[in-house]
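The chain that follows stands alone, in the form predicted alone, written as structure tokens.
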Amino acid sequence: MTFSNTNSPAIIVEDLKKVFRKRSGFMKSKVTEQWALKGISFTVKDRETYGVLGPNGSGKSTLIRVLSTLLIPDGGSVEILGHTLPKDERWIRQNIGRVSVDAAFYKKLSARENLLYAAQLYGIKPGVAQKRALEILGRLGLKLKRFNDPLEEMSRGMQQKISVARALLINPPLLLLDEPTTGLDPKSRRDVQTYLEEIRKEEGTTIVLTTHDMAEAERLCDRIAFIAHGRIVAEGTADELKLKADTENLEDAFIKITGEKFNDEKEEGEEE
């Protein structure tokens, strides 16, 4: 699948808001609100890799879930590949790939069975799907003899490579990546990063990447948005952000611009 109108942005987000509500107290009568996104606006160019960089709890995972139609926004507008949310969510689901930090699988099934099941949902024939899956996994450095092993017997790095392959089976014009290399060993991290660079160059894939890995953001992203407490507080190339903060590295730039340090807080509304 391709998105042919290269003159139009791949994503346009204007004043996007998302709130999580919880009930507590006697008879659950008290309602508290936590705003995960507080009026975010940005544009992603066609064929661009756009990074959203921030600590856990900053809103970046909520943003990816909204863009991938898993959450309904509470305000603002979103246009993806010329289609709007939530009106065109079915079309958007069929034309994007998504990789999350904790990918969900049928762990008792093999990598092959998981990928062929996913392909069936998109109407891809098993033979075509298997050939493409093997090609992707080979380039990701996964030993193909593991293709028929149950997912529960695979390492975290292997499972994440299966997740990347699943997202790319349809050759999507847009790839949404929520911390795709978190927790991976150095080799697996490099394998995934290298492949993302290759598909962008070969296929013209637009990528939105959330991460708290400064080196990853600097390596992969054309532009980077700093996000803190549900707001984008700065945007630009890595060099522009370092120049703005008058720092030599991206982490110091983030701390200086946002006043925040990276931490291990849980994102509101999400699992640990």
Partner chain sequence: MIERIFRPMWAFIFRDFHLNRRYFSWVLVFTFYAVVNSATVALIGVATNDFKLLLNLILGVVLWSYLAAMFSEIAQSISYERWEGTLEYTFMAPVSRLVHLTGVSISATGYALMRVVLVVFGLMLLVPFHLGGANLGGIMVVMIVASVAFVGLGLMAAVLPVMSPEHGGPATSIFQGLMLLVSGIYYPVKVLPTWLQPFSMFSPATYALKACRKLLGVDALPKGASFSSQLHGASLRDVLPELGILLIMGCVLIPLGLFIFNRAEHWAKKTGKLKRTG
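Positions refer to the first chain, counted from 1. All values derive from a computational prediction rather than experimental measurement.
Same protein, other form: the form predicted together with its partner chain, not shown, and the subject of what follows.
- Here is the short version: of A215, V31, L70, L243, the single residue with a heavy atom within 4.5 Å of its partner chain in the model of the complex is L70.
- Between its partner chain and the residues S77, S155, N171, Q94, the one pair within 4.5 Å by heavy atoms in the model of the complex involves Q94.
- With the partner omitted here, the stretch from 135-143, 103-111, 196-204, 180-188 that lies within 4.5 Å of its partner chain by heavy atoms in the model of the complex is 103-111.
- Using a 4.5 angstroms threshold between heavy atoms, G123 counts as touching its partner chain in the model of the complex.
- When contacts are judged by a 4.5 Å heavy atom cut-off, T211 does not count as touching its partner chain in the model of the complex.
- Although the partner is absent here, R90 sits close enough that one of its heavy atoms falls within 4.5 Å of its partner chain in the model of the complex.
- V99 belongs to the set of residues with a heavy atom inside 4.5 Å of its partner chain in the model of the complex.
- In the model of the complex, every residue of the candidate spot (F20, S61 and P150) has a heavy atom lying within 4.5 Å of its partner chain.
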